[in-house]
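Shown here is one chain on its own, the form predicted alone, set out as structure tokens.
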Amino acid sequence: MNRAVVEGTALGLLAVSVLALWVRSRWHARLESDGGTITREGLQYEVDRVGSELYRWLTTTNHRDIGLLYIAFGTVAGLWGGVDAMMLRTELLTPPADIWTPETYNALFTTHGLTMLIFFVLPVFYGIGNYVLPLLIGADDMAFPRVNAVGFWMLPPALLMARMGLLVQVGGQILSLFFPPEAIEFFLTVREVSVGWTLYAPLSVQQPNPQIDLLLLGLHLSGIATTVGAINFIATIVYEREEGVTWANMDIFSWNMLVTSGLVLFAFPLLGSALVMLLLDRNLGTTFFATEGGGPILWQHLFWFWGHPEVYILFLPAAGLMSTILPKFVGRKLFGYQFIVYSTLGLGVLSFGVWAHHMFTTSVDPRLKASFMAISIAIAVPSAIKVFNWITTIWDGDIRLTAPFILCAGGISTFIIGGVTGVFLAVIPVDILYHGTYYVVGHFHLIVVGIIPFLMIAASYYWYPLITGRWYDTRLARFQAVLLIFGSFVTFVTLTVIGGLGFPRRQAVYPPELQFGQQIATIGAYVIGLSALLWLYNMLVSYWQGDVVKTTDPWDLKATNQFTREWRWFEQRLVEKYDIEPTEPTSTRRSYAPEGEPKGFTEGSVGNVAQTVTRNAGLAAIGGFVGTVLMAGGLGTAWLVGVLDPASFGEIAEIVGLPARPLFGVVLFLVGGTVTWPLLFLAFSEYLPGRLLFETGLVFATVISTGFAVAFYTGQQGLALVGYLGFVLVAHWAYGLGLSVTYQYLESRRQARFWGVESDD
């Protein structure tokens, strides 16, 4: 298949769909006093309005407008890179390279990596920072508004240069219909770069594709734009804070943007220098990366001196958003503010001391490797401090199950798994073993497709009322959040597992016996793609058709004293613009009061005993079903990796007198998970340890997991036995959490309705 035609068509369909949504929503949103008839004057008005808006967006220096431009640009780049990902995952559905050629596959993962890392993540975080950071610190605007605009407008041409190969190929396909090949030789020569996103020398020096030069120029231009933006953030935070905003009480997101900008100042100029050296080697015959000069290893040193801090440049803004958003939906202040600030600074410093752990398989001196191994392990400490503080913030909190909270919880989960698997890669012998496998891909993507995009989307939901003055579809948002987390786990945990089994990465062709694992990962990737489209649809349609925000405190933050500066700005705007009275809470509290929540299934019940038992049994059954579905993910993965024998389900069916078929066993398993075990939990929950219900659920799940482990054991030995027990325990914890959290959520909704109090979101 022709990659240029397929990708161009996919991007074209996306663009047409967005345009159609805009036209449709605009049509429904406009006043129809004339009955909706299109008139010449009406059409001219629309054209003039579009022209006026276009001029404003092209010339604006307002920080909020620039922020939205950054977000829109990053979204476009993310969708473009996402299409690359879907195409390369589609190729991996089958062992041979029968959809794309191996060269096209190489080009896809090259452009996917560069587009996502350079043009998607940081522009989106710059956009969020541009919009909310001045509001959070009480500044009127960014320190240098014009420089801010110039910095943004460097990015679109940079992206076009970096991805020019695809555009030229599409142009060549069209021109070939009208001109002979010799007349359009240039269009038929340029190809997307296929040397890998790390651009390793000597391959990147010797390959004749002229698109490599355009790519290097595009990356260099984007580096200048990124550095300019970082200088602006630093100047704004240092000089534009309003009186009363000190280093000791500045919000965590601004702290993280400050440290991120500092990293950019040290990392990106070096990348720019290395790119210029590579350009000179390719075009002027210099020998920076030739054997007679610095050698190919020099490029790896320079690249990874930028590359590893780049990981934290991408991660720290997400961590700042987590620390900002999470407390709002658990009703507690952030636990350990100072330690989170110190851990952020620690990550910033240590991130420049670990670059060579990407080079353990090279000829670097083993004594130097050992020092980098030690620092790479040590950098896990400040990351763990953050995770500890986030979990402690949730602990005993008054959780509101909104889309931002779901994404925060999912982000912590993926970060823990991605972080722990990364610690193993810091150890030289383990890294040498797994360096060329999908284990690295799974670990890395659990971070960059886990906590980072999760918190981008959580921020879009959290600040959507502030930015647009409207509500998004909250039910669709929760579904989309769950879908994104589910797809990420299915895809990247599977890749981690098959990588741990030795599956090599970066290959379009692979052994047939590994096909099933690749197919599972590809299905998970499709789920991620679907969730991204649902998010885009929700954002666009809600902008015109969402419910108008009618309160100055959309998230009820005043009740927990978390009504921060950006929301005070929002309130002031509503009061001045729409004469809306400021919303005041019925009561305020410092933090969550655990005595107000039911601790057991029978406390706080209303009605007679029979009604109470029936109702609680029904709620428990729903919780049991949710828990069973979550549990099925863990057990299904265990089956896929070969540590759980599906035939054991048939033996369970045989025990109760049914034919020994796995299907009957699965049905019994579902019935038991939905009816039997929830009822047992209902009966014994008050006698199990745990102050909160989810703690009790974890204890209950741990206890019953021992019975499952014995009943379904089929003689696994060694690592297979360890994997079997691990999957059984994790799957049962998922069941316990699903059961208890779902039950508590439904019970709180029921009590809210009974007492006449509307629940949030």
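Small disclaimer: the values here were computed from a predicted structure and weren't measured. For every residue, the number given is its place in the sequence shown, counted from 1.
A second form of this protein, the form predicted together with a small molecule, is not displayed here; the remarks below concern that form.
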Exactly one listed stretch (83-91, 216-224, 419-427, 347-355) reaches within 4.5 angstroms of the small molecule in the model of the complex by non-hydrogen atoms, and it is 83-91
Using heavy atoms only and a 4.5 Å cut-off, determine which of Ile485, Ala77, Val441, Val643 is in contact with the small molecule in the model of the complex.
-> Val441
With the small molecule left out of view, which of Tyr472, Tyr105, Trp677, Phe360 would have a heavy atom within 4.5 Å of it in the model of the complex?
-> Tyr105
Can we say Phe109, Leu117 and Arg506 each have a non-hydrogen atom within 4.5 Å of the small molecule in the model of the complex?
-> yes
Is Ile252 close to the small molecule in the model of the complex, meaning a heavy atom pair under 4.5 Å apart or at it?
-> no
Contact label in the model of the complex: Ala525 to the small molecule, heavy atom within 4.5 Å = yes
Flag Phe454 as yes or no: does it have a non-hydrogen atom within 4.5 angstroms of any non-hydrogen atom of the small molecule in the model of the complex?
-> no
Residue contact check: Leu334 to the small molecule in the model of the complex, 4.5 Å heavy atom = no
